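Listed next as structure tokens is one chain, alone, in the form predicted alone.
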């Protein structure tokens, strides 16, 4: 409510000020039109008296000031006209000094002084020195700032600079710089003084008002940067030291932050590079509350962009030892500001690392030095829990990855993993995922066991528990995504040398076996397939690889057996069983019968002891049958043992339909097309008859439990198996046997007790069409089908 009343009062005061200013401006205009100089000066002084108010905020005062500024431009034009008509500008300069109040007098003096310099009746340096000294009379911060801003505005194109029409001797050039620096110094003092006026509880309001006025002070630095006389020598010896002296001595955090930022923004990059030591030397002397990390960050950004603009400037960076100076300065700032939060220090190191990577990308020692400084700062502290600090650490660690697009380069940095060690577990995982994504994105191949060891130490947060924490707190989807990323990483590890590749596999195995029961199902399979890929390569080179070679398929299969054994103990029996069968098939291709038999044995043991779910049993037995069918390495005895086991387990499945399908699938084990000697037609027929009996039993059970026969799908599936072996020339499968089965199916489908199943009928019709098609096609196969009636 009080604030609302204050705003209303301020609006009223502004309106009164504008009204008084306009009224006097009107009379001043009339006096100018009638060429009445004394009245014009009288009314202009009364008009400018409105600027003496201390009731307005800077924002409202600016509105009033701009109206007065517009009127003063008219007055200045009148003074110029008067001088052209012969009126002495010196007399005018003396005359305006008789104005009653100081502030109007100084505004009029500045206005006449501008014309005085233009007339060149007196040296510009003398007039400017006179004006800048007289402006000290105004010590009210707001009034003084706007008065000096007016002085700066009207004089900026009249400075005795090199190449200017007002240039005098060599000293006048220095005087131009002195004038701007003096005006800047006085304005900064006024600006800082604002902070200490008024009540303590209005501090926030004053800071806001000061922020509104800061550009008035900063414009002086912009004017300095535009002067031709301010070359590198002048800047280095005079301008920068005097500006920094004022910045440090004002001891005001707002002013120090803004002015340091102004220096960095307005002066050329080349000047910053050549005066780096002087500029950085001021940083530790700033107030502890100054946001120095942003200031230094912007300085390093500008220097980085300067280096990127042209390769020709890079030697300058080496010549002035820019990295060394920046690194030392940052260390001193962190040491001086003992209360600086850890996030501030890390942010400084991120900026320094970004600068290093852009300016000196080939200097890995510089990069590691920055990381080492960060480690030193973090040493002795607990793992970071501040989210802002950990975010900066991630930025620090991500920068080399983004620059080099190669994790191998990052692995050469000894301090890289030490920085990661200071991350909390969750952020460590995030960083590990970033590393893996970088490898995927850039298709980086990690090709030695040493690099793999270093890499897996970096991403250990993903592949094992680092603090024994429970999995209950981990989001299941996030966990799966993390482990899938590790699995993809394993496939990126490769070396053409089999011995080195085996070392890589052993290194990965060592790490992932520490992962625990939840991780192994994700990480073991890619390792197994990576090893099997190596086995295939060795198989191709079989003629060149002896038994005594350091890397042989037998040695790899031994490692695989032990690895899958660890997985089966998790327990994850279904997955382990699949992997045993994959290994058995690879051993078959390598002609290693004992190894293949051992893998099958392990698969059967898992099936017997661990696979209890009926659906899992069905899937497992079909996998076993399918794999065993493709094996050609076994002798008669071993093959008989395994096929007997497979058919036995098939007949023991819980559900009759599952039994039936598994048993007729076993018929393929006795008729393998690509191997001589396995064409046992009788045992094929035996399997099919057994499948028929089981199908019949399933029909009877359906009749008992549902009051009607079940679908005839099983009979149709068996019929298709009969047709397959019939075409393949199995002498035990005759046309009469097929005819009997067709008639059985037709009888069943027409029976009223049989449940109607459109898909089964469609399946049977399709089978009949196939028989008719073969009969019509003719040939030897058509003759075989001829006796069958459909």
Partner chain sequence: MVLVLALGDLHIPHRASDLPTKFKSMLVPGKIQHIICTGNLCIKEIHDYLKSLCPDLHISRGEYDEDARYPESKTLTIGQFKLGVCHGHQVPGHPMGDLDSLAMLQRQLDVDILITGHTHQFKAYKHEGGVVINPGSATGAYSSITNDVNPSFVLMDIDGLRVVVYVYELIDGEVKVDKIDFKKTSTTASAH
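Numbering follows the first chain given and starts at 1. Just so it is clear, the model here is predicted, and its values are computed rather than measured.
The form predicted together with the partner chain exists for this protein as well; it is not shown, and the discussion that follows is about that form.
Colleague: Though only this chain appears here, would residue 762 touch the partner chain in the predicted complex if you measure heavy atom gaps against 4.5 Å?
Modeller: Residue 762: yes, in contact with the partner chain in the predicted complex.
Colleague: Is it the case that residue 491, even though its partner is missing from this view, gets within 4.5 Å of the partner chain in the predicted complex, heavy atoms only?
Modeller: It does: once the partner chain is placed as it appears in the predicted complex, residue 491 has a heavy atom within 4.5 Å of it.
Colleague: Hey, in the predicted complex, is residue 713 touching the partner chain, heavy atoms inside 4.5 Å?
Modeller: Residue 713: contacts the partner chain in the predicted complex.
Colleague: Does residue 532 reach the partner chain in the predicted complex if we count a contact as any heavy atom within 4.5 Å?
Modeller: Residue 532 belongs to the contact set for the partner chain.
Colleague: Going by heavy atoms within 4.5 Å, which of 719 to 727, 53 to 61, 737 to 745, 22 to 30 lines up against the partner chain in the predicted complex?
Modeller: Checking each option against the 4.5 Å cut-off leaves 719 to 727.
Colleague: When the partner chain is placed as it is in the predicted complex, are 526, 578 and 767 each within 4.5 Å of it, taking any non-hydrogen atom of the residue?
Modeller: So, yes: the whole triplet contacts the partner chain.
Colleague: Can you pick out, from 699, 582, 304, 337, the residue that has a heavy atom within 4.5 Å of the partner chain in the predicted complex?
Modeller: Selected option: 582.
Colleague: I need to confirm a contact call. Of 85, 120, 98, 480, which residue comes within 4.5 Å of the partner chain in the predicted complex, counting heavy atoms only?
Modeller: Here the answer is residue option 480.
Colleague: Any residue of 439 to 455 with a heavy atom within 4.5 Å of the partner chain in the predicted complex counts; write them all down in order.
Modeller: If the 4.5 Å heavy-atom criterion is applied to the partner chain in the predicted complex, 439 to 455 yields 440, 443.
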